[in-house]
Structures are given as structure tokens and as C-alpha cells.
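Just the one chain here, the form predicted on its own, laid out as C-alpha cells.
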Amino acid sequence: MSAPEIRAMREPVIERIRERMHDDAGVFFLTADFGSPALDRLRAEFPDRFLNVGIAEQNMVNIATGLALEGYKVFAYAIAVFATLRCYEQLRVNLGVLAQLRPMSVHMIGVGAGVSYDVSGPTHHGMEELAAVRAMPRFAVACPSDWVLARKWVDHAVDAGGTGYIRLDGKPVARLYDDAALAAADYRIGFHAFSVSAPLTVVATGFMTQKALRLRERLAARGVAIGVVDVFNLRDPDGVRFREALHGVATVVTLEEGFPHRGGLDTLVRSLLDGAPTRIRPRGFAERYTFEIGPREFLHEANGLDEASLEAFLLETLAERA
């Protein structure tokens, strides 16, 4: 079997937006002085529908709102924490309050989910922004686990309209979805079950789905089966289908690059499984900012999220119910 293709998420996302701009004169792209090779091509082909607002994310949201009120379908692109937390009031008022009164299509693209900007430190780590944007009514939140699923989001955003946010990993990631799984993946459903195991199933999002699937392989080599479910719609996945998919699962372990019990993935899973007998065990970063400097796996190890620690935790969790 050939190794999965590894790509940075932002490249295929911007490539797909550029393709949609060829077909739809209403698509407009904004950036807060943030680039990429794919963006260079987009800017060259559509100089009249591209604007670099400079390092001014708050103003970028204001400009995006004005363009949307004139009928454009706007994508606004920046580092994840700056696209959300730096301009949260603008998101809330322009893309929350106003969008409830006037139809508009504005989608924020944030690069640097979790600790993918590892050596940049806590100012660039996307730990709280997922919970913050989830708190706003009617604001879509997407967190794809690989680059083909990220690319597919573009068509969903253009066709569905409305307001929302996609958080992309800052590092190249492996392709997880084959053609069949990608064809079945639907942002309106919002999750994909790679496998389900009644004793224990891991529910993950973003980069942690990559790690969950590697853990499944490690445990399978020891004769231990676990399930893996990827949640990529963090606003409103189909709750009925989610409960059906996890029916009979004794324990769900949630994995996220964020703070558990603070409005992220584990909070969503608890709400979706409310009333079910399933035990939920959340795993994420310790409730503190990480000032240690090192690559992503170093930061994971410091928080018990490295593969060896998670493997031991999953085996321990399974033993508790044996």
C-alpha cells in the first residue's frame, strides 16, 4: 500500500476557492497579510476580488461584512487565534447579530488549530477559539482532520452561505479519507465513523483524529480493538445519526487539542449523548498555557497526549470495564 499523500491544509482549500471564483463572480477573498503559494495564484488571477487588508483582522471582518451585504460570498483568511479571538466583538456583532437580520455569506479561515504553530508559543496556540466561536448562535464551525476533507468544506461554505469558521492545521497532514469515505462525508451530518467498537470508541477532531487512527493501529497490533469517530462539524452535527452510530458503546474517549470541560469537543459530545448510558472520558491539554518551546509531539508529551501515554490510558480505561 502506498503512503498517504501529505499536504498543508490551506493549499487545497485556497485552490478550491480559486476554482470556485472562476465559476462564481460573487466569491471574494480577503487576507490579513497572510500568504501561501496557492494564494499567490489566486491573487494573480483575480486582482479585483482579492484584498490584503494588512495585519488588521478586526477591520477585515468589517470589510467582509460590507462586501457580504453587497451580495458577495466572502472568505477571510488569517492565523486562527487572530481571526477569532483578536476580533471576537466584530465576529459577534457583524457575523452574529447582524447576520441574524440580514442574509450574508462570510466564512473565516483560521490556520494554526491547536498547537500546530508549536514553537510560536501560547500567543499562537489555538486552544480556546473553538469554544469561543461555538458559543455564538448560528455560526458554523468546521474542524477537518485531513486536507481532502478541508477542501470539500469550500463547496459546502459557498453553497450553504451564512457565517462560519474553519480551523485548519498549520502543518502538513496525511490524507485519511479515501475516495469512498470522502464521497460519504457530509458537513451537514458532521462526523464520520471510521470504526465503532462497543467497549471503547475514540471521538476526535482535527489533528487528533490522525493520532487516534494511529492509536487504533498500535492497539490492533496487540489484539485490542477500539473505534475511531471523526467529528468535523463542531456546530450542529446530526445528533440522531451520532447517537445511532455510538449506540451500545460503553465508553467514549474524546481527544482534542484544547482544554477539556471548557466548551470544546467533549462538551459537544456530552450534549449529543445526553441521556445515553455511555461513559465519556475527555482527554486534552492541562488547564494552563504551555510556555515550553518544542515541536508538537514534545508539547503533547508534556500533557500526556503522546501516543505511548494515550495507549496506556486507553488500555487502563478498557481494563476498568473488564
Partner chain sequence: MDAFPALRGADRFRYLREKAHWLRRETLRLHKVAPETRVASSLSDVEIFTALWYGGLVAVDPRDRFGKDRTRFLLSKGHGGLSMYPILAEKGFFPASELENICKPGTFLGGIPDPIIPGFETVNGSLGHGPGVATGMALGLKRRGNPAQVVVVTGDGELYEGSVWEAILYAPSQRLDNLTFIVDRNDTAMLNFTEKIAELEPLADKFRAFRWETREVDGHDVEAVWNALTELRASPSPFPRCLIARTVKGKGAPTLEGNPLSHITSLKGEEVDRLRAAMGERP
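Numbering follows the first chain given and starts at 1. In this text, all values refer to a predicted model and were calculated from it rather than measured experimentally.
From this point on, the text means the form predicted together with its partner chain, which you will not see here.
Three-residue candidate spot Ser197, Phe207 and Gly227; no residue lies within 4.5 angstroms of its partner chain in the predicted bound form by any non-hydrogen atom. Arg222 falls outside the set of residues with a heavy atom inside 4.5 Å of its partner chain in the predicted bound form. For Phe82, no non-hydrogen atom is located within 4.5 Å of its partner chain in the predicted bound form, even though that partner is not displayed. Although the partner is absent here, Gly66 lies within 4.5 Å of its partner chain in the predicted bound form, judged by heavy atoms. Contact check for Arg49: a heavy atom falls within 4.5 Å of its partner chain in the predicted bound form.
The contact with its partner chain in the predicted bound form, taken as any heavy atom within 4.5 Å, belongs to Glu70 out of Glu70, Glu292, Asp40, Asp274. You can rule out all but one of 57-65, 264-272, 283-291, 249-257: in the predicted bound form, only 57-65 has residues with a heavy atom within 4.5 Å of its partner chain. Residues are counted as partner-facing when one of their heavy atoms sits within 4.5 Å of its partner chain in the predicted bound form; in 88-112 these are Glu89, Gln90, Val93, Asn94, Val97, Leu98, Leu101, Arg102, in sequence order.
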